[in-house]
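Okay, here we've got a single chain as structure tokens, the form predicted on its own, with questions on binding and movement later.
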Amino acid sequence: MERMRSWLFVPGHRQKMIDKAPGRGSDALIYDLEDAVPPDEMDAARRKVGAALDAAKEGPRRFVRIHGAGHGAMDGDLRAVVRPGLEGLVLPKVDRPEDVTAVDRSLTERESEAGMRPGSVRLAAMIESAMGLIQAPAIAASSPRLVALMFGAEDFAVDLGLFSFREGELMSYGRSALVVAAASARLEPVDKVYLDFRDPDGLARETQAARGLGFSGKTLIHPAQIEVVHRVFRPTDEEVESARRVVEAFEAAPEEGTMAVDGRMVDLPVVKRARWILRSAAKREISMRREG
């Protein structure tokens, strides 16, 4: 699955938001049946999200955040949304591998009932507690359906007794540990939401920091945040040009093994990263043309 920079939450009970979300330009949508939906609107939200999945066409990846394993509402969520048009589920408050494998087993049965290819519904696990962070490497390896680990900063801060979930040494540690756990299973690490959607400069700074930590994407709460996140996660012109020089120098003399380019020593791992940057830039160029 191609890397996704932006994962836009869409409240499952807000029909106008559901209707507009596919055209906003995000890489993935997360129709939310969990925290964003009042309990008395849950049944209506399930129907609305189910209808949106039935109407799904080309566009962003479509995920649904359901209630977590062990929650009484989870089975109802699965009955409503496991159908053609669903590409993945976001699992909240994952504390242990069993929270993932329980959903995996249920999906195998429900995919068959819905006439879907076995294993077609992918999973993204939200790490939102100290227990979840400690277990993150085991969680990441728990199911072949997993494509991403997501950092849920608000609940993480509550679990640790922090007054704020803004950046600090402990929050930075949690984010870094999640990135390493995701990388250990070749999953995408997805950073926390930035709640002030009227502060694009603050969002850009936090996204730049996330990029520096190794995150490949970010969860969003407002369409206005999409362009900023896409811009920050896109390789810069300088990065692309530097990568091109590295690859060209290596391909001109591969027998050298190690060489100097722009005053820096270059070996095979540097070349591999340069090639990855060029592939990413090419994909983003195609994406930009589609969006524009």
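This one's a predicted model, so the numbers in the text were calculated from it and none came from an experiment. Throughout, we count residues from 1 along the sequence that is shown.
There is another form of this protein, the form predicted together with a small molecule, and it is not shown here; the text below is about that form.
Looking at the small molecule in the predicted bound form, residues 209, 211 and 232 place no heavy atom within 4.5 Å of it. Residues within 4.5 angstroms of the small molecule in the predicted bound form, judged by any non-hydrogen atom, belong to 218-226 and to none of the other stretches in 199-207, 218-226, 136-144, 111-119.
The small molecule is not shown here, but in the predicted bound form it comes within 4.5 Å of a heavy atom of residue 193. Looking at residue 20, you'd find a heavy atom of it within 4.5 angstroms of the small molecule in the predicted bound form. Interface residue remark: residue 274 is not counted as part of the site for the small molecule in the predicted bound form, having no heavy atom within 4.5 Å. In the predicted bound form, no heavy atom of residue 4 sits within 4.5 Å of the small molecule. Here is the short version: of 42, 240, 36, 247, the single residue with a heavy atom within 4.5 Å of the small molecule in the predicted bound form is 36.
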